[in-house]
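This document opens with one chain alone, in structure tokens, the form predicted alone.
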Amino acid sequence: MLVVRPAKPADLPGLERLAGTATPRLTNLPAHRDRLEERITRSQRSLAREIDFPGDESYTFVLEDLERGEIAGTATIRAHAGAHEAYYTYRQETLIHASQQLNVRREVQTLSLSHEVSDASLLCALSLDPRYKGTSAESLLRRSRLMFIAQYPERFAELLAIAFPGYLDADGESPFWNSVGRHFFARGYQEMNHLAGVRSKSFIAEVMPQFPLYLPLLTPAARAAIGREHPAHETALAEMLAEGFARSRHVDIFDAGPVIKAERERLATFRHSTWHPVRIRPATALPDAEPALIANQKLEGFRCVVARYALSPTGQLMLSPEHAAELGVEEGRAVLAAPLGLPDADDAFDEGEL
């Protein structure tokens, strides 16, 4: 059985392993023991706080394989992306250069530094053991965070955002970084990726030019990388677009990976999640049903699993004793359920971004 729960200190070795095997290496999940230990401590403190509105809280979750007794994945929510410092992105814009005298009108694509995403809650730092790719574990890990947000909306912003890793070439280099950032830092992508993870990305925005970048001046490879996700994250991006996120005009200032955004009430998990009282029945007695995300209503004891969406005629959710025990719920207690399946993705820009 797989379950998503808040991280605890004993999970540190598992987080180290996941950080070291992430593809590509994630800036927001550095393979650095002290930083990962701080992440767990910060998450536990955030869960223990009484919150009226989002601040500098960060919630780190792990996917635990109970049969193997190991951590199979991790994912984080930053309650307020710009709580400590501005969360910088590049915003894609169009400038018009025109001359009536020469009868010339040209539209030129540019990138401008922006901190608009700072007010959003950020879903980030997701890494899954490769053995679980292509299984329901992927959706469980990604979307269990939405099940958590749905229960504690006061802890998060109305706007949610996800920054996906950008495209890298066959040598593991970022064409965008080599065409832009390398000119100002004289350091390679992998080295900067490590530094940004151990420290912060804010120093990049402080040194990068404050004026718009004209795309025609970048290399063709750099232009092609703008808004393009790393191949290893294509499935994840497709699922979150199906969830209801939309591409934005924002891209990462580091590798130009896509940033997707959504008002949380527009997301499928929020729109289709329902509370049900629990009815416990033997697993062999449960009827066939589509799978669903099932979460308890505890904060520090949050648990989320995938189980059958089997309802009784009176609207009770029928759970096996094993699932009920892992969720920590007794008969009659309410759980939140949302269908695991999603509609086909609509890969388009947010209407507000056009």
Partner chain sequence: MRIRPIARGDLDGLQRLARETGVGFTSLPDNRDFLAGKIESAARAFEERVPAEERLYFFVLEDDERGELAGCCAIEAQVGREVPFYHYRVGTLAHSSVQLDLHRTIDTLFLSSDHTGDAEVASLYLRPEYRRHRNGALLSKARWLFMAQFRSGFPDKVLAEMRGKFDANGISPFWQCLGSHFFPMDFNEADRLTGLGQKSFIGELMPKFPIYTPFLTEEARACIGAVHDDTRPALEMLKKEGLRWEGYIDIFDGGPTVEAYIDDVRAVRHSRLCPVEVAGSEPESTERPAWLVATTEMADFRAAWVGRGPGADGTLTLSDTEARRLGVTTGDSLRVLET
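Just so we're on the same page, rigid core means the largest C-alpha set that superposes within 1.5 Å between forms. All values reported here derive from a predicted model rather than from experimental measurement. Residue numbers count along the first chain shown, from 1.
What comes next is about the form predicted in complex with the partner chain, which does not appear here.
Of the listed positions (Ala268, Ala137, Ile71, Leu218), a single one reaches within 4.5 angstroms of the partner chain by any non-hydrogen atom in the predicted complex, namely Leu218. Residue-level contacts in the predicted complex: of Met147, Val251, Val180, Leu141, one residue has a heavy atom within 4.5 Å of the partner chain, and it is Val180. At a distance threshold of 4.5 angstroms between non-hydrogen atoms, Thr284 is out of contact with the partner chain in the predicted complex.
The shortest heavy atom separation between Ala242 and the partner chain in the predicted complex exceeds 4.5 Å. A residue is said to contact a partner when one of its heavy atoms sits within 4.5 Å of a partner heavy atom; Leu213 meets this definition for the partner chain in the predicted complex. The partner chain is not shown here, but in the predicted complex it comes within 4.5 Å of a heavy atom of Ala186. Heavy atoms within 4.5 Å of the partner chain in the predicted complex are found in one stretch of 164 to 172, 123 to 131, 205 to 213, 231 to 239, which is 205 to 213.
Counting a residue when any of its non-hydrogen atoms is within 4.5 Å of the partner chain in the predicted complex, the hits in 95 to 129 run Leu95, His97, Ala98, Ser99, Gln100, Gln101, Leu102, Val104, Arg106, Val108. Put the two forms on the same core and the Cα of Thr94 is off by less than 2 Å between the shown form and the other one. In this overlay on the rigid core, Thr284 has a C-alpha that sits less than 2 Å away from its partner position between the shown form and the other one.
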